[in-house]
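Given next, in structure tokens, is a single chain: the form predicted alone.
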């Protein structure tokens, strides 16, 4: 017990020194990436500066922040709170922090089956690195129970306390990724087309109980606030979509929550080569077509 009393503060300080002074190749278990891929830093900075509510709040993974362009919803104020590989565990945390601030009239929640099948480590690291950390971050880390997540949370908390990254700013344009940040939380990629349209091996979605539980908590939270909720399975390439043999199981799961649910892989037919830049992300032309079809169904 005396050793534990000694080891804990030594460990906490060691995480700070190691994370601050060593290059990433020397710290695989501290994955702090301020302003990494996906513009989470810019998105969360912008939402803190909103001075009034929005008409539509978008939630979900990269299919959300790359799939709902605010410029395609003229006359409405929208904000996109998507993030990298966002799972229901992270969605629940973000709504705890920001739902009362943005007070949306409608929430469009992009539900990608993979978000219910993964542990949420990638999304947790992204949010821990780019947002404030509080008791919600600690609870999220315990739910995920992953060493890099714990270490990154410790390091990020040190950075906040010591104001190590207060001067950080994220560029609007990231040439390395061919991405541009658009106000409202959207990320626009330069027009690219998907070339690899070969068949994929058959597989199936395997949903995690903890993700379903977090999703149900989010749905209940939104309903309690009397906010209209729409669930959307955004388009992916047909080759990717049809490689999963239990898509109907996911549709059935979404339809149990007594809210509007649209699977746009069944409602519209896009071209795998012309409308996507990879196997499950729409390009600029695909986003325009998808948003037009979405508005048609929402009318």
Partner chain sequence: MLFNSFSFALFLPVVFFIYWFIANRNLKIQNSFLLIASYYFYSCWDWRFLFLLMFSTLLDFYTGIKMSEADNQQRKRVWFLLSIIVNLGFLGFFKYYNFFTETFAEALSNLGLNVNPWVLNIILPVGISFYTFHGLSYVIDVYNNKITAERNFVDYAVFVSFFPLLVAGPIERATHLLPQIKRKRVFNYNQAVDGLRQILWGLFKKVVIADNCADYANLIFNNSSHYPGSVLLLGAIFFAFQIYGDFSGYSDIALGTARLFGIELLRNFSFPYFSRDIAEFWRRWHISLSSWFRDYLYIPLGGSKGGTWKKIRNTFIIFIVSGFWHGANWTFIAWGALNAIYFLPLMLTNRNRNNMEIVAQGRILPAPQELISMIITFGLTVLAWVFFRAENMEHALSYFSGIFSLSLLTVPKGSDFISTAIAPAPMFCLLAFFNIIEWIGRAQPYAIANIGTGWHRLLRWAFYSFIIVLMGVYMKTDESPFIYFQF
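Positions refer to the first chain, counted from 1. What you see is a predicted model; the values in this text were computed from it and never measured.
We do not show the form predicted in complex with its partner chain, though everything after this point is about it.
- Only one segment in the set 41-49, 26-34, 255-263, 59-67 has any non-hydrogen atom within 4.5 angstroms of its partner chain in the model of the complex, and it is 26-34.
- With respect to its partner chain in the model of the complex, the three residues 116, 244 and 286 uniformly fall beyond 4.5 angstroms at the level of their nearest heavy atom.
- Proximity of residue 145 to its partner chain in the model of the complex: non-hydrogen atoms within 4.5 Å are present.
- Within this chain, residue 18 lines the site of its partner chain in the model of the complex, having a heavy atom no more than 4.5 Å away.
- Contact annotation: residue 151 falls within 4.5 Å of its partner chain in the model of the complex, judged by heavy atom distances.
- Taking the partner from elsewhere, residue 14 is found to have a heavy atom lying within 4.5 Å of its partner chain in the model of the complex.
- Along 1-15, a non-hydrogen atom within 4.5 Å of its partner chain in the model of the complex is carried by 2, 3, 6, 7, 10, 11, 14, in order along the sequence.
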